[in-house]
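Only one chain is shown below, in structure tokens, and it's the form predicted on its own.
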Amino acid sequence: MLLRTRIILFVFVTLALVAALLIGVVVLRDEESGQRARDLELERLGAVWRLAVTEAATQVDQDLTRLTADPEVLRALAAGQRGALATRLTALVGGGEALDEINLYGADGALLYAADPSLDALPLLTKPLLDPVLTGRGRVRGVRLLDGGPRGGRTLLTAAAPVFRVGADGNGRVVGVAAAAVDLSAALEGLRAATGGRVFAVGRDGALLDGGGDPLWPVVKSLAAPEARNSLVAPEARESLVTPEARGVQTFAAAGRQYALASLPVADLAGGRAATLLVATDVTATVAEQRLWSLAQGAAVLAVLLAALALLYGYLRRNFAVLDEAVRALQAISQGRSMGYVELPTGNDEIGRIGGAVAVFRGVMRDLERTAGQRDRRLRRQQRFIRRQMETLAVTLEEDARQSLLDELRQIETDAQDSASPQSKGVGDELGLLALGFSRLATRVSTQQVQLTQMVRDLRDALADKRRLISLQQELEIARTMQLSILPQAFPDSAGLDIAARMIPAKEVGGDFYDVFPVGDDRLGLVIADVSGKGIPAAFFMLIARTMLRAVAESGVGPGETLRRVNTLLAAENEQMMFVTVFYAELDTRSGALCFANGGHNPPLRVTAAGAVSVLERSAGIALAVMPDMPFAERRIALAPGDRVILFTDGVTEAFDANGAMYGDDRLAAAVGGPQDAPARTSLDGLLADVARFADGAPQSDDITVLVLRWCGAMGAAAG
């Protein structure tokens, strides 16, 4: 094949590759631009959707404001009067409020009113959503999926806000939370108006929520893969289910038009996905314009390629004519034919210069042959020296890196010695291989040095963290020992009285406590309490509450007055907004009369000698440190000989097993019930053992505290 032909083929292949590369770059750029456009479109639709939700939620807020501004509603909500709320709100809602669901919650988070008349009405807000609103720190706006209850399976647009009431001191306080919801279509209409697209809403279960009347819906529905549908759904209902992608944009054709279908997940306020929005936008003109540009680009590249080949062919054809004559002259010289003069085209006299150049080349080749042996020997010595130096440096590397480098060196030697190897064409190639080996060696040494430096730094930081952790663990252990040491371990020695108690903290220190102390000559104070929270803050608050309660109780003012005074003292300096539930009782050691008051704590259990279990009557009172100057009612019972009183915290009833089941009040009653004539310590150990068996190794979620009082009465006195 002639050189001219090879050059043309080479140039053609090169230009074809360049053209393919350019086309590939253009395609990739178009893909990237398309992806950016899709991402921007999703962001735009997301922003428009959030605006539509905000506008619809604003209308819900206005309706809620009109409802909660009613004086009767405020009074009933602050007092927790469910009946009054229901009566008044029924009258107000009947007056034209366009709300699908209305919930009112008390200051304690209890649901006081729901527009749903069923007994198991689903609340609009869960506790994690309700708590920030109760503190007045924010509002709730978003989509809520109600998927249970007789009226469940609905997707609603929900808004909630705290309800404030101005007190006598002129300050507003949160007396509850008002929440309401409207159908999701209120926001969907705003989305349609803002985007001009065709909007469909699909529920989490794949059911169509909105947009079924649009003629485009059957095409959109068919985009869902048949195998992705729920096979457990009845065939007649399965046709209305789709499973769109969580987030993305895809194109499709319908009725001769091109559409871009954007899929936007709608988050549920309680977590997860409540629904998916499908927005179909007509992009027919845009698609046609893109296709036209693609064809124009391809035609331009092809035209440039053909023009370049035509110019190259003409140039080579004209200039290779002289070269052909020179080649024929050189061939004659190489074959030993004497040619004194070669006729070349007019204007060209290169034959003489070519002949002189050939003679010079012949002398240069002889010199090169003489020096080639010396150069090769010198090169071998240099290679051996360099290899020894590289092997010396390789010793400092790790085993894997050292072995890899030595393998590369052996491969370099093999390639340099193999005449058939493409790497052994000359000195430059061999030195290049050695330079490459040096470069890799330097990279490995540098990388290993950086890794070693970082490992030393990490080790130093880890040692410092370990010292701090050990110090903190020692301090927590000291705090745990101190806390347990202040709880009474020995109880009054009386023939008519038997007491046992124990506190098991969930962390190193806990917020539960109990106490037993004399109040006068013939009365004995009994306390069990649970501070909000756990850990160090709860332990400090526990110490303060215990000290105050014991100091006030020893003055002999009675359980109700004791809790009132302690509550006022704690509420006055409670910047951390902590609280403590307390059950305080005073036992008359002569008669067995038990007078008690309850500050928001779990009511104790009374177990008769025959084994009957009952709950002590609740007395009015809230948790301490919540509101000052609150009254606490007292109750009084008479214990019979053999009766036991079980005081406990919610760490007992709210203990969980590995499956998430709760111990509960029924298991507690079963564990302490039944005829028993055993000491209080035996009853205490049996209850704690039953809780431990139920938990079966599951992590303890709260402090566990139990106090068992066994009244022996006349029997104990007679035995003495």
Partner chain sequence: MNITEDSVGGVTVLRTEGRIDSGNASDFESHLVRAVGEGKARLVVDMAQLTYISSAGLRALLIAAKKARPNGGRIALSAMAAHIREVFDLSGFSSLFEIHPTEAAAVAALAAG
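Quantities reported herein were computed from a predicted structural model and do not represent experimental measurements. Numbering follows the first chain given and starts at 1.
Omitted from view is the form predicted together with its partner chain, to which the following refers.
*Is there a heavy atom of Gly190 lying 4.5 Å or less from a heavy atom of its partner chain in the predicted bound form?*
Output for Gly190 is no: heavy atoms all beyond 4.5 Å of its partner chain.
is_contact(Tyr663, its partner chain) in the predicted bound form, heavy atom dist at most 4.5 Å: No.
With a cut-off of 4.5 Å between heavy atoms, is Asp690 one of the residues that contacts its partner chain in the predicted bound form? Output for Asp690 is no: heavy atoms all beyond 4.5 Å of its partner chain.
Quick one: is Gly621 in contact with its partner chain in the predicted bound form, heavy atoms, 4.5 Å cut-off?
Gly621: yes, in contact with its partner chain in the predicted bound form.
Q) Using a 4.5 Å cut on heavy atoms, which of Arg564, Arg606, Arg546, His601 is close to its partner chain in the predicted bound form? A) Contact check passes for His601.
(Q) Looking at Leu184, Val163, Leu124, Val531 here, can you tell me which has any non-hydrogen atom within 4.5 angstroms of its partner chain in the predicted bound form? (A) Going through each option in turn, the one that passes is Val531.
**Asked** Taking the partner as it appears in the predicted bound form, which of 33-41, 649-657, 49-57, 63-71 has residues with heavy atoms within 4.5 Å of its partner chain?
**Response** Single hit among the candidates: 649-657.
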